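One chain comes next, on its own, written out as C-alpha cells in the form predicted alone.
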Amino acid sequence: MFADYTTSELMSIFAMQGFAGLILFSVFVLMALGLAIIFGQMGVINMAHGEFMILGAYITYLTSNVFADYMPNLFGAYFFIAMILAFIAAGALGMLVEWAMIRHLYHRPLDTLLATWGLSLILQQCYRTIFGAREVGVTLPDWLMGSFQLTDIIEVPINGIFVMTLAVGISVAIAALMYKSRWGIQVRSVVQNRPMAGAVGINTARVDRLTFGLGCGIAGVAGSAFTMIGSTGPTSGQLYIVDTFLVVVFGGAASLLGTIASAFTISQAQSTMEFFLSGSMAKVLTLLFVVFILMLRPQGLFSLKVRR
C-alpha cells in the first residue's frame, strides 16, 4: 500500500490526516461542550441537541442571505453576526424548552430521553416545513476561502483554521465562565451538592434554566461552524449526536477538560484509521475502543467528585 510513496510523501499525508482530525476535533468540542454542561449538571440526556445545532446553521444561512441581498458591502463580516444570532436563538429556545418541558422531568432520565427525542422529531419537521427537505449551503466570505500552501503536498484550508480557532476561543471562554465567575461557582455548587446549594440561597431552578440555555447556545454556535464544512438539512444534526454523546461519556460527565481530551482522542483515532480503513470501519473500531476503556473506567477519563 505504501510502496509507491516516498518517506516525505507519507509524512505529508499523515500530516494532512492529522489536520483533518483537528478539524473534526474542533467540531466535536463545539458540539460536546454544551452537552457536557447540560448532562453534567442536570443529568438530562438531550436527544435534541443536534437540532439546536441545526437551528444555528439555519440562522447562519438566513443571515448570509440577508447580507447578500441588502448589505453586500458588509458581507465579509456577516459570519460574526450570524454566530451571535445563532447563540441567542438557540439559547432562547433552550431556555423555553427547559421552562416548558425539562423542569417537569428532572430525576426521570428515561422520560427526559423520550421527551427530547420527540422534541428532535418536532424540530426536524419544523425545519422541513420552513426551509424544505433539500439541504442548503452557505456562501462563505472571501477571506474564509482558499488555503495556505505549507509544502508541495500539504494545504491547510483557511476555514479549518477558523473552526479550530473558534473551538479554542469558546473553550477558554467557557472555562473562564465556569471557574472564574460568580455564576460558575453557583453552577459547580449545584453540581456537587444541589440540596446544600439551595439551602444557602442559590436559585437552583434559575441556574438550571441558564445552564440549559448556555448549552443550547453553544450548540447554535457549533451549527454556524458546521456550515463551513457541510451542507445543512433538517436531519443533519443526527449525524453528530451519537459521536457527541460518545465524547461526553468517554471524557466524564461534568468535566470540561475530559470533554476536550476525549474529543481529541476520538477525532484523531478516527481520522488516522480512516486512512487505512473505510470510514464506517474506522467508526466501528473507535466505538469498540471507547467501550473497552469504559469497561475498565466507567466514570470516563476524568471524573468529578460529587458529595452525596
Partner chain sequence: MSYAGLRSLLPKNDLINFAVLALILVVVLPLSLDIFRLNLVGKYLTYAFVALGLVLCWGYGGILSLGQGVFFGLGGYAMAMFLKLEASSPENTAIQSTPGIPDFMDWNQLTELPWFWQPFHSLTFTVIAIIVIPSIFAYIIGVAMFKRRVGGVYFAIITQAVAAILTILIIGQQGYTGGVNGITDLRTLFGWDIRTNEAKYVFYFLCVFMLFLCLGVAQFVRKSKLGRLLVAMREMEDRVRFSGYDVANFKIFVFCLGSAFAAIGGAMFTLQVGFMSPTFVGIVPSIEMVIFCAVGGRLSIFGAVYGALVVNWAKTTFSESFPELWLFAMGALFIGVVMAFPNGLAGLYTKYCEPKVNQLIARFTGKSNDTSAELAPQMKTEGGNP
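Just so it is clear, the model here is predicted, and its values are computed rather than measured. Numbering follows the first chain given and starts at 1.
Below: the form predicted in complex with its partner chain, not depicted.
Checking Ala48, Leu55, Leu246, Leu256 against its partner chain in the model of the complex, a heavy atom within 4.5 Å turns up for just one residue: Leu246. Contact annotation: of the candidates Leu177, Ala100, Ala77, Met71, the single residue with a non-hydrogen atom within 4.5 angstroms of its partner chain in the model of the complex is Ala100. Contact annotation for the candidate site: Gly118, Ser280 and Pro298 all lie close to its partner chain in the model of the complex (heavy atom within 4.5 Å). Residue heavy atoms within 4.5 Å of its partner chain in the model of the complex occur in exactly one stretch of 22-30, 261-269, 237-245, 62-70, and that stretch is 237-245. In the model of the complex, at least one heavy atom of Phe39 sits within 4.5 Å of its partner chain. Contact annotation: Gly132 falls outside 4.5 Å of its partner chain in the model of the complex, judged by heavy atom distances. At a distance threshold of 4.5 angstroms between non-hydrogen atoms, Arg206 is out of contact with its partner chain in the model of the complex. Its partner chain in the model of the complex comes within 4.5 Å of no heavy atom belonging to Ile185.
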